[in-house]
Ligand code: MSP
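Heads up, the chain below is alone and in the form predicted on its own; it's given as structure tokens.
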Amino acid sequence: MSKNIYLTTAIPYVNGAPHIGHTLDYLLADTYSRYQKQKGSSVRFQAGTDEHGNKIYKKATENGVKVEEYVAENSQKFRDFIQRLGVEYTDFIRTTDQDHERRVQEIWQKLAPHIYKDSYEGWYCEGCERFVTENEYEENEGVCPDHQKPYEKLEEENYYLRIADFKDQIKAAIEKDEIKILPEFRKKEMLKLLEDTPDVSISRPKKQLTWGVPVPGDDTQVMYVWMDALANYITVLGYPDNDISDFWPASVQIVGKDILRFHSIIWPAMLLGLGLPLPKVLLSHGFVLTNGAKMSKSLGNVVEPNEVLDKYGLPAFRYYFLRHADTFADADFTWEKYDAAYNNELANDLGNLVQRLATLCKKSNIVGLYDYVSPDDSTYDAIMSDLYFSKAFDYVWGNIQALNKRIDDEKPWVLVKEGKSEQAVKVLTGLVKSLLDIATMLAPFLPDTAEKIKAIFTAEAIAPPKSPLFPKNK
């Protein structure tokens, strides 16, 4: 029976161009989306851009352009980038969309029983766009570890969302896996953070923050970025204008580990305040490092994603970041590792397998299996259901390596030489079936490559491609 699946990705802040870290959200969501569509599910897959806040306003001013033009231009860069990754989303939202802004104001009004106004004096990080507790300030010795800038002391009057109203419910939901946090070890981190989470500031004075959604009924205040941004996951479905129960709660919400705290505390509080169910899974992935270090412009070690895409093309890019980036841990990118993965794995293991098997089939005039339907693989399905995509890709690769070994062991060319043509055909047909099984499992990860393999081995007459799928890089 077909089921509805809703996948979300974190909406990036458009104060710069897409970077390599953004790729993981999109590739993980796209892989699961394609897998679910293979299974007959109806999938909605959200992407978008976060376009309000002081950082954006300042950047536009520095560049001498109107903020509206600046965000439109940068939002388009993300759309172009997502398209280049071969990612097939269904819904794209910009937080400057009129419908989103209106819906966010309606959400604010629905949350009014849990909102109050108060004065606050404390430490603030503009990079994170959040206040930090005195404990955090002391632990980090007054400097934000993510942005390497001292916290600012701010005193201002804001609106607050009363997180205390929902703490017990959020705690119970996380503990019982009603909102499942992946990887499992982050669950304890979030429960610990929840204990110490104060009520959350959800607005800034207009004199401090001009570029944002106005607070309903108070023209001196503008909504704080997290209130505005988190709501996108439901406003894109049409909430509160429409009944969103066909696709909400979300099946999987994919975020980087640095913003998991907002998605596992503030976001559930908002949903509970609205009387909406909590998302089923929050999947947090790690950072992309280079040579074990976090990328930063100041260190001069930033890897440009378009440069990586240009070198070997999209399938190699998807391969590296879906297999060699552990779904639940930090990934390490170096050009040496990337070259080795391309030559030793894509070119050797898979490219040679396709070329070799197609050549053997051609010599024996094997007819393509045009009506072949791959059976389900329960091990693969179980790993995909656990959302451990890099592990599932490892499993597929194990099948590729095993098939290479089978060809060596079964030696169909010897059977042909000995005149045992019927036996050779049987062996080769079995090998082709196994490769088509692999292509089916490969399709969510490397859709273009899987299509090429299927086209070669379901053709009327099997023949090797004119050029290898992955020509070796000398």
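Predicted, not measured: the structure shown is a model, and the values here were computed from it. When you see a residue number, it is the position in the sequence shown, counting from 1.
One more form of this protein should be noted, the form predicted in complex with the ligand, which is absent from this view; the next part is about it.
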{"item": "Trp226, heavy atom within 4.5 angstroms of the ligand in the predicted bound form", "value": "yes"}
{"item": "4.5 Å heavy atom contact, His22 to the ligand in the predicted bound form", "value": "yes"}
{"item": "Contact of His263 with the ligand in the predicted bound form (heavy atom, 4.5 Å)", "value": "yes"}
{"item": "Distance check, Ser251 to the ligand in the predicted bound form, heavy atom within 4.5 Å", "value": "no"}
{"item": "Heavy atom within 4.5 Å of the ligand in the predicted bound form - the one residue of Asn232, Ser390, Asn158, Ser75 that qualifies", "value": "Asn232"}
{"item": "Partner-contacting position among Gly273, Gly368, Gly286, Gly351 - heavy atom within 4.5 Å of the ligand in the predicted bound form", "value": "Gly286"}
{"item": "Residue stretch of 134-142, 286-294, 273-281, 177-185 approaching the ligand in the predicted bound form, non-hydrogen atom distance within 4.5 Å", "value": "286-294"}
{"item": "Heavy atom contacts to the ligand in the predicted bound form at 4.5 Å, residues of 33-59 in sequence order", "value": "Asp50"}
